[in-house]
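Only one chain comes next, encoded as structure tokens, the form predicted alone.
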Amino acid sequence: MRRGMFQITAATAAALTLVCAACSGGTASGSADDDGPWAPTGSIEYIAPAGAGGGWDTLARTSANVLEGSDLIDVRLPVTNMEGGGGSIGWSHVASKESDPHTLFVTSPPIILVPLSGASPHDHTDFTPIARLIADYSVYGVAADSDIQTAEDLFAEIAADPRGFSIGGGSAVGSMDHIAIAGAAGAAGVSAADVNYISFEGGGEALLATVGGHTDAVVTDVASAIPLVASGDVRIVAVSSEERVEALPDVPTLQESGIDFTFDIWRGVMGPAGLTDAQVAYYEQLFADMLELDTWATERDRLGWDDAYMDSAEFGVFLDEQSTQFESILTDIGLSS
């Protein structure tokens, strides 16, 4: 999925954020009194609310490097890792920066899932949506020396001893990686509620736990897995996309393995509550322009991402819809607060 023909001007973006303000409590609070175009006056604190090596960290550092190496921006975007609570530590920090246009954070489904499961006092409505950027996918893997060779092998092992067979993931219980393995297990005929999911602070930690033999398997995102796949430490047996991903061309989808389940991991950028229309317009145009850069395309393809751009207004509506959908899923597996 690519951005294709979609473009948006800063003026149009500013107008559309007013629509988003009616949809989510954390959207832009600016008005027609804003004094024209805005631009940052200093470095932008760019937060990955997890440890190094996971999907949030990878997106933050990749996009920061691409932007700083371009002529689109003339200030720095230093990345800060704030791990803990499945993202809630980082979100609390951003919530304390209300109206600060020099703070941004990368986000994905846990911004909805973690609050729904009762593990964070902040949800997506406490922040300003800037732009959805990409779609990533879940991968299911084992250590290279594991006897498990296929997705069929993996789910047969889970079915044989669902509580004894452990699967590590880089998000909190009830959050993104847990949903990805529970949903796939359910489609494979294993009770989703019985899956022995072990939460780690980021995909990097989850992968290393599997390599070290502390868990039997791992569920994470494509980009997080690629370094350990390349080093020969991890074998990926399936991916949650509808079609094989370019970065892992030899890995079959779950559907190819007879498991009727797909799962997209969208990722984007948000800011504190209280940003003005002009500030939102600047940032959504910045990221829209970034997606047109050749340097971005190179990194995107290397990491197995698909462009999936939404402006601030569209992203806000999407987040509200996802909240309704995920609440239903969590209720099904007994984890909704």
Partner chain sequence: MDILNQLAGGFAVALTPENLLYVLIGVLVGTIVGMLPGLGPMAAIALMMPIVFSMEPASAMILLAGVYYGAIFGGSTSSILLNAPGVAGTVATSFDGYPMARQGLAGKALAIAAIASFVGGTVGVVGLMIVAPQLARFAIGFGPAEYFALMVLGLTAVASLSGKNLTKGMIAAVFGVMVSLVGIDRQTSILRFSFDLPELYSGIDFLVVALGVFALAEVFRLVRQRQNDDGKSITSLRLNRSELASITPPMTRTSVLGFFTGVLPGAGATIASFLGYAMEKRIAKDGESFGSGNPKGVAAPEAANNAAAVGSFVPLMTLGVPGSGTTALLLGALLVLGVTPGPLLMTERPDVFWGVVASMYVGNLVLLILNLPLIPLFARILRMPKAMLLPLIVVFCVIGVYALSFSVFDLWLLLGFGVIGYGMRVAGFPAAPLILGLILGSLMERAARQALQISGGDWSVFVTKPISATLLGIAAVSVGLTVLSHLRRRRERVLVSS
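The term rigid core refers to the most C-alpha atoms you can superpose between the two forms while keeping them within 1.5 Å. Given the structure is predicted, the values throughout are model-derived calculations rather than measurements. Residue numbers count along the first chain shown, from 1.
There is another form of the same protein, the form predicted in complex with its partner chain; it is not shown, and what comes next is about it.
Proximity of Glu242 to its partner chain in the model of the complex: non-hydrogen atoms within 4.5 Å are absent; the residue sits far from the partner.
Its partner chain in the model of the complex comes within 4.5 Å of no heavy atom belonging to Ala160. Contact annotation: His214 falls within 4.5 Å of its partner chain in the model of the complex, judged by heavy atom distances.
With a 4.5 Å cutoff on heavy atoms, Ser257 does not count as touching its partner chain in the model of the complex; it lies far away.
Just one listed stretch, out of 205-213, 101-109, 147-155, 246-254, contacts its partner chain in the model of the complex at the 4.5 Å heavy atom level, and that stretch is 205-213. A heavy atom within 4.5 Å of its partner chain in the model of the complex is found for exactly one of Phe127, Tyr140, Tyr137, Phe200: Phe200. Heavy atoms closer than or equal to 4.5 Å to its partner chain in the model of the complex belong, across 216-245, to the residues Ile226, Pro227, Leu228, Ala230, Ser231, Asp233, ordered by sequence position. For Thr128, a C-alpha deviation below 2 angstroms is recorded between the shown form and the other one after rigid-core alignment. For Ser224, the Cα coordinates differ by 2 angstroms or more between the shown form and the other one after the core has been superposed.
Superposed on the core, the two forms barely differ at Thr107: its CA moves less than 2 Å between the shown form and the other one. Put simply, Ala192 and Thr324 come closer in the model of the complex: their C-alpha atoms are 3 Å or more nearer than in the form shown.
Annotation for the pair Gly213/Gly84: C-alpha atoms recede from each other in the model of the complex, by 3 Å or more compared with this form.
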